[in-house]
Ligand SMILES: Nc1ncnc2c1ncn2[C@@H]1O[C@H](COP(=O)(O)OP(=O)(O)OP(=O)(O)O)[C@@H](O)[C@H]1O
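First, one chain by itself: the form predicted on its own, in structure tokens.
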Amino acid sequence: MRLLTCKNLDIGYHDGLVARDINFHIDEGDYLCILGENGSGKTTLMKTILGLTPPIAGEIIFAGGLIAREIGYMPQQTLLQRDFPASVWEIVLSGTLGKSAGQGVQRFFYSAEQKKTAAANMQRLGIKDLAGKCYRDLSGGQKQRVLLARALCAASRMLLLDEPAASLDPKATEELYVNIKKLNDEGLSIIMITHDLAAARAYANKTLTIGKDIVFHE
């Protein structure tokens, strides 16, 4: 089932065009890797899909009942975020807020259903025992699993990952890729920005290269 189509899409910001004429599609269960040099527009494309940045031209078509606020998003981590002084439980639980946005739902506490979702995704990624730990005290691989669990709390059928293995050692990188592939095998559609060509070849069934030319392979 088709979930997302980008058609003749031009992306950028108020100060200029970043990439143009992007065409690709995502079906249910796809694993797409987005490749390209730094500054080519990969992250801008993700933000445009999520509705955080408006397209300059072209269109993004959601299908199969998918809507932007039900797409999980794991952005690149900043140095400040790596030292965030919150518990693992608090960070994962905050991922459930995305689905409430746009529904007119305003709460000053988390519902039982939101807590159940957060606990289930922590169990899914094997981090339930880290719930009371301070995020900044975790290893790089543990932090990425926490952020992945947080993104899953918003994801119904699609997950967007921006360089999720950046700064990880080889062992933690492989563990992360295995977890992502497992989620994909469970039916979640994956869009991942990466510079890791070997990972793209090993895991993706589609690739999109953004540069001087836009090349989509399926």
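Every value quoted in this text rests on a predicted model; they were computed, and no experiment measured them. A residue's number is simply how far along the shown sequence it sits, counting from 1.
We do not show the form predicted together with this ligand, though everything after this point is about it.
Novice: Please determine whether G39 contacts this ligand in the model of the complex, using a 4.5 Å cut-off between heavy atoms.
Specialist: G39: contacts this ligand in the model of the complex.
Novice: Hey, in the model of the complex, is E175 touching this ligand, heavy atoms inside 4.5 Å?
Specialist: No, E175 stays farther than 4.5 Å from this ligand in the model of the complex.
Novice: Using 4.5 Å between non-hydrogen atoms, is E28 touching this ligand in the model of the complex?
Specialist: E28 lies outside the contact set for this ligand.
Novice: Does any heavy atom of Q123 come within 4.5 Å of a heavy atom of this ligand in the model of the complex?
Specialist: No, no contact at 4.5 Å.
Novice: Please determine, with the chain shown alone, which of 56-64, 30-38, 145-153, 181-189 has non-hydrogen atoms within 4.5 Å of this ligand in the model of the complex.
Specialist: Residues of 30-38 come within 4.5 Å of the partner.
Novice: Taking V88, S139 and S167 as the candidate spot, are all three within 4.5 angstroms of this ligand in the model of the complex by heavy atoms?
Specialist: Contact check failed for every one of V88, S139 and S167.
Novice: What residues, if any, in 173-202 have a non-hydrogen atom within 4.5 angstroms of this ligand in the model of the complex?
Specialist: Only H195 sits within 4.5 Å of the partner.
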